[in-house]
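Same protein, same chain, two forms; see structure 1 and structure 2 below, as structure tokens.
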Structure 1
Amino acid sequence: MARNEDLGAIVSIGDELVIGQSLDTNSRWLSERLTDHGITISEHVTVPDELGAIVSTLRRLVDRSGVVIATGGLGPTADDLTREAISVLVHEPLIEDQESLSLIRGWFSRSNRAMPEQNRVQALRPSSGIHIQNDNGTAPGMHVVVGGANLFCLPGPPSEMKPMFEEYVGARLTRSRERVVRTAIFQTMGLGESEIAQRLGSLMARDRVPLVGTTASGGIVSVRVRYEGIEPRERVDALMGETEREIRAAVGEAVFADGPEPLAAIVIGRLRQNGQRLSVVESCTGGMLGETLTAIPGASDVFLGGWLTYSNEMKERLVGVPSELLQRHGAVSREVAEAMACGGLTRSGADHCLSVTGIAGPGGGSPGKPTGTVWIGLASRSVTSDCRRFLMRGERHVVRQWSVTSALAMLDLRLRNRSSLGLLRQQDP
């Protein structure tokens, strides 16, 4: 196959990635950056720390792609084989780069340590290769041109890889003047992926321009739009605009965000805009809702905190749930969810309080309250409290994640002054 200069491929190197001990997050990040540069991603490949596998994979990809980025395998140990693989690929011996060696020594010196002799190997590169400076670690990257393809080798740790890409790789990626790449994303909540696909109908035809697809994750279905081609930009704008209008006509009531911003960040933004604050009372989610909120930078502007009331005793003691409600209705009930939310609202002084109580499983269910039963309460000042029952299927972590997503969606709808929460019905992942 002839090389396509507009094609890109990403290779993740490491035994730990192949067998699932570590999660590859680099490929997603790199794909987004390459797409921004007008490069179409043709493949993600994960290979073990085996010299033959690395060489054969890189050889195949540089023969068909204009840009290949490999991450991992640049450490100082015997299983870090990327340097040797590049040497075999370009038929050149490895030489010691004196500038890189000096920088590696300087890295250790700043930590008041002498460089171990083992780290000297990280200064090796093929004679035609260029080392990429690493300001956040000891592993330099590498840039080699193989038969016209640009091959960039970067370290695996994201804290090292990302700045090296931004400072070196991105500046060396060329974009075809005629080529246009445009993407859009619409996040939805409340409709299953199959129902969205049915509503979109022919919009999801694989030969359509722009291309429309869906992705489901954690209770959210994203409708993704992508254009890649050489049409005039005005024509591309018209195609993307028309596609957006058709998507909104089909599933618009379920769309809560244009773009990839997490639901928690959207909720925090709406609270900040309204000058309001939030607290939470959690049971089956075990702090997951609070963790999701505090993962967003700047959450402290609007998120006051909350209570982890896993036992009935803590529900009574911390947020004032009456013992008679617990005895009469059980912890997983509308009455208790409402009492948890109202108690948290009163004690925190917040404008809104979310509560979650449920049976995450795998045990604990009954005919009247099967595993996956979750009640979510929302109490707000000057607004009637709302409590909703969800029936969720899946493993324990799925039920808990869906509970967090559903709670945030309930609050998001209220913040948008949506009087009807009909989309948030009983849901199955």
Structure 2
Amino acid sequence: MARNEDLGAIVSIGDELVIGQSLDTNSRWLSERLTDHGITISEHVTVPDELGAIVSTLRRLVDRSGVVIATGGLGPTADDLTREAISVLVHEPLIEDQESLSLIRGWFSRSNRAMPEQNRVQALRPSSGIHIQNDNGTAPGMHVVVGGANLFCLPGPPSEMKPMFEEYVGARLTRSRERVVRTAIFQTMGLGESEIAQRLGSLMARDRVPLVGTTASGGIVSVRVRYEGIEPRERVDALMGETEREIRAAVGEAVFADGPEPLAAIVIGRLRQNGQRLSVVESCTGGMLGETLTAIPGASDVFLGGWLTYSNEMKERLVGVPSELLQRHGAVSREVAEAMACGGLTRSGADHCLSVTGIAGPGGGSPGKPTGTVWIGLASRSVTSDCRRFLMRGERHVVRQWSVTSALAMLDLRLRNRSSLGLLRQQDP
């Protein structure tokens, strides 16, 4: 296949990824960044710590891409083979880079340690390669040009890889000037993916320009619009605008956000704008709702905190759920969800309080309350509290994730003064 300068590929290297011991999050992050830079990703590949596999994968991808980014295999141990693979790929022996060696020594001396001899290999690079300085670890990155392709090798740990990408790689990504890549995303809730598709109709034809696609994840169906081509920018703007209007006409009532911003960030933005504050009382999610909110930098402006009332004892003691309610209705009930939300509201002094109580599984279900039954409560100052029951299908993690999404969606609807929660109906994954 001929090389396409605007085409990129991502390679993750490591036995721990291939055997499933670790989850690769680098590829996703790099994809987002490359896409932002106007590069079209043709594929992600994950290969084990085997010299032959690394070399043949890199060779296949540099032959057809303008940019290849590899992560992993730059550590100090014998199973870190990326340096050797590049040496084979570019037919050059490895040489010791004196500047890199002194940076690695410096890294250890900053914590008053001598550099283990083991780490010396990290200073090796092929003679035509450039080392990329690592301010967050010992492994320098590498930049080599193979044929016409730029190959960047970055360390596997995200805390080292990301700053190196931002500081070095991003600035060196070239692309054809006339090529235009544009993406728009609309997040919807309340309609199934097939209903969205049916309403969008011919908008989703595979030969349409721009292309429209959908993805369902955690209770949210995202509609993506994507243009890639060489038409004049004004024409692209017109095409994108027209497609957006058609999407809004078809499914606008279900759209709760433009763009890929997570629902937690949207809700935090709305609360900040209103000058309002939020607290939470979590049972089956055990902290996941708070964690999701506080994953957003600046959440402290609006998020006060809350309670993890995992046991019934804590529901009574911490937020004052009456024990009669727990006995009569059970912990997973409208009454308890409401008491949790109201108890949290008054005790926190917040403007809104979300509560979640449910059966995440795998055990704990009964015929009347099957696994996946979740009650979510929302109490707000001077507004009637609202409690909704959801029946979620899926394993423990899915039920908890959907519970968090549904809780945030209930709050989002209230913050937009949509008193009718019609679009947030009982959800089946």
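Each form is matched to the other, and the largest set of C-alpha atoms that superpose within 1.5 Å is called the rigid core. All residue numbers here refer to structure 1's sequence, counted from 1. On a predicted model such as this, the values are computed, not experimentally measured, just so you know.
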Which number belongs to the form predicted on its own, 1 or 2?
1
For a quick test of reading the superposition: does E324 move by 2 Å or more at the CA between structure 1 and structure 2, rigid core aligned?
yes
Classify N136 as shifted (yes) or not shifted (no) between structure 1 and structure 2, where shifted means its C-alpha moves by 2 Å or more with the rigid core superposed.
no
E313: CA shift of at least 2 Å between structure 1 and structure 2 after core fit?
yes
Once the rigid core is superposed, tell me how far the Cα of E335 moves between structure 1 and structure 2, in Å to one decimal.
3.2
